[in-house]
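To begin, one chain is listed below as C-alpha cells, in the form predicted alone.
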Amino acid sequence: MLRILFVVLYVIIAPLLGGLMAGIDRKITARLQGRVGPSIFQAFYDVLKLFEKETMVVRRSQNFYIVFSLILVIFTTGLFAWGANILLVIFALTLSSIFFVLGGFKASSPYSFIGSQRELIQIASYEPAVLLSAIGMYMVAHSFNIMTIFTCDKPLYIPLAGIVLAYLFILPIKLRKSPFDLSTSHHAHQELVKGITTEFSGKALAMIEITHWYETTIALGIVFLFFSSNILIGLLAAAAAYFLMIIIDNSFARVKWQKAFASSWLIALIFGVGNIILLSFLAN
C-alpha cells in the first residue's frame, strides 16, 4: 500500500519538479545573458495560459497522438517509481517519443514534418547510450530491476565511468538542448520556427510541455541511479548534470544532424561499449 502511495505521489510531483527545473533553466540562462529573467515559476504560468487558449489544429487526429504520448510518459514515470525493469522503462519512454513524432507527422506542415524527421534521428542517436546504461547497471547490480539497482551497495559510477560519460554526452539530446536541439527548441535561434511543435497550440502544446517535464525527471533519474549508493550524492549528481546541461545549452551552437548522430554513436562505441568490454574482462 505504501509503495502504491509513493508511486502516485511521485507521478504527481514529477511534473512539478520538471516545471520548476524549467523555470530555473530560464533564470540561469537569463543571468548568463545579462538579463534578470522571468520568475522560476514562469513555466507553470505559461502552461496554465496554454490550457486557457483555443486549440487550433491542422488535423484533429494530431492531438490524439500527443494525448497518448503524455499517457505513456506518465505510465513510464510510474514504472520508474515502482522500481520496475529498467529496460521496460526505456522502451515505454521511447514509445512515448514515437507518438510525439507521429503527431508531428500528422500535422502535415513542412516545419513539423522536418522536425519529426529530426526527432527520429535524435531518438536513434541517444538510444544506444541509454541501452548501454541499462546493460552496464545489469553487469554491476546483476539485475535490470530498478529497485535492485537502487539498493545496490556498490557505487555504480566507478565501474561504469565510461558509460556515465556516454550518457551525459547524449543527455542534451534527450533534453532537447544545444548543441543537439535539432527537432524543436525553446530559444529563438531555431530556423524551423518551432520545429516539430510548430502546428500545435493551446492544450496540445501544454501537454507537450508537461510531457517534456516528465521526460526530464526520468532522464535525470537515470543519472541518479548511477550514484544511488548514496542518496544525497545521487541527488547532487542529478542536479549537477542538469546545471551542466544548462551551461552547455548556452555555450554551444547547434550542430547539424549528421554530426549529432555520428558523434553520439562514436561516443557510445568508445566509452560505452569499451566500458562493457572492460567489465567483461574484469569479471573473468
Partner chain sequence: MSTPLFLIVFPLLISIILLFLKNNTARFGVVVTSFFVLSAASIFLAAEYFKSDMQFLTVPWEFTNHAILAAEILLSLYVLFTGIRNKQKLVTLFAVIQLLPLLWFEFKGPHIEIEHSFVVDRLSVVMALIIGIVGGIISIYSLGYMREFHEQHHKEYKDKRCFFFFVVFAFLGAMYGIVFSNNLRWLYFFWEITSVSSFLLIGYKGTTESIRNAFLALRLNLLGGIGFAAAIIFLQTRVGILELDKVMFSPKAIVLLPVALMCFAGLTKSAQLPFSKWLLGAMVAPSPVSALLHSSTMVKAGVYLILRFAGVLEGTLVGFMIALVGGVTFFICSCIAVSQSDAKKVLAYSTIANLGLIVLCAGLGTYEAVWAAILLIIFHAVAKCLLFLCVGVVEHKIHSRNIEDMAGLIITMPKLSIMMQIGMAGMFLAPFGMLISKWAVLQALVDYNPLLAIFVVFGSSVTLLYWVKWMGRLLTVVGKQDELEGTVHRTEWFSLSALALLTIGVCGFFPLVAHSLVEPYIEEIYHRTVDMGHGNITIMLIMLAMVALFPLSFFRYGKSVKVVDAYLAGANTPQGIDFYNSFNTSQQMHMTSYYMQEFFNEKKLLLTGIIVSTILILISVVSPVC
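Everything numeric in this text was worked out from a predicted model, so none of it was measured. Residue numbers count along the first chain shown, from 1.
Below, we refer to the form predicted together with its partner chain, which is not included among the displayed structures.
- The stretch from 254 to 262, 39 to 47, 226 to 234, 240 to 248 that comes within 4.5 Å of its partner chain in the predicted complex, counting heavy atoms only, is 254 to 262.
- In the predicted complex, its partner chain sits within 4.5 Å of a heavy atom of residue 139.
- By the criterion of a heavy atom within 4.5 Å, residue 35 is excluded from the residues contacting its partner chain in the predicted complex.
- Proximity of residue 111 to its partner chain in the predicted complex falls within the 4.5 Å heavy atom cutoff.
- For the chain shown alone, residue 14 is not a contact residue for its partner chain in the predicted complex, no non-hydrogen atom being within 4.5 angstroms.
- Residues 54, 55, 56, 57, 58, 59, 60, 61, 63, 64, 65, 68, 71, 72 are the ones in 46 to 72 with at least one heavy atom within 4.5 Å of its partner chain in the predicted complex, listed in sequence order.
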